[in-house]
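Next up: just one chain, as structure tokens, the form predicted alone.
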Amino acid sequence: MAMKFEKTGDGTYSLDVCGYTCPHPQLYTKKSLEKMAEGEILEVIFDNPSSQESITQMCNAEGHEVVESTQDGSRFVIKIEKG
């Protein structure tokens, strides 16, 4: 189990936190967003269902926008535009 943050394109990043439980996915998401510029997109991949709510709440509180949220089996993907 290892957190993986990488640039996937021009202004897009990916954060894979599968295997982690709260509050780690939220904390890693917050730290990743701090490294990015406004308007860039972060795709967060996780498998802890309760993280979806905590990550969405953090985004709302800090001015980031969840632009897409999907679930594929036990994996969740949230795309966040940094505000």
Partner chain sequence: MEAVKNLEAAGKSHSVSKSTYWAFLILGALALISLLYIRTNIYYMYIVVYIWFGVAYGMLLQYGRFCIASASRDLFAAKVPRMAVVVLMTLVFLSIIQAILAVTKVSTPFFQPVPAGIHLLIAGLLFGFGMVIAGGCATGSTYKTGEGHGTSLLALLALIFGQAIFVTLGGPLNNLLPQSWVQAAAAKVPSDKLSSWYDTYLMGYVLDKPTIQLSKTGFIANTFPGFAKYFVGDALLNVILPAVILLVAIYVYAARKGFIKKRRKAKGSAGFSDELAGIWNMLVQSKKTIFIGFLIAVTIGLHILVAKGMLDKFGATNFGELLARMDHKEGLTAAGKVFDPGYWFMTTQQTQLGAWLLDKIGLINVKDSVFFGLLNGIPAPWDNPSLWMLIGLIFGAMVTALASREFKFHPPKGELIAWGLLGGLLLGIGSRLGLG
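If you're wondering where the values come from, they're calculated on a predicted model, not measured in any experiment. Numbering follows the first chain given and starts at 1.
This protein has a second form, the form predicted in complex with its partner chain, left out of what is shown; the following refers to that one.
| field | Whether 5, 7 and 38 all lie within 4.5 angstroms of its partner chain in the predicted bound form by heavy atom | value | So, no: the whole triplet misses its partner chain.
| query | With the partner left out of view, is residue 65 within 4.5 angstroms of its partner chain in the predicted bound form by any non-hydrogen atom? | reply | Heavy-atom contact with its partner chain at 4.5 Å: absent for residue 65.
| said: Please tell me whether any heavy atom belonging to residue 11 falls inside 4.5 Å of a heavy atom of its partner chain, as the geometry stands in the predicted bound form. | reply: No, residue 11 sits far enough from its partner chain in the predicted bound form that none of its heavy atoms falls within 4.5 Å.
| task | Report whether the minimum heavy atom distance between residue 74 and its partner chain in the predicted bound form is within 4.5 Å. | result | Within the cut-off, so yes.
| said: Just checking whether residue 43 would be counted as a contact of its partner chain in the predicted bound form - the rule being heavy atoms within 4.5 angstroms. | reply: Although its partner chain is absent here, residue 43 would stay clear of it in the predicted bound form, with no heavy atoms inside 4.5 Å.
| field | Within 4.5 Å of its partner chain in the predicted bound form: residues from 7 to 29 (heavy atom criterion) | value | Contacts from 7 to 29: 19, 20, 21, 22, 23, 24, 26, 27, 28.
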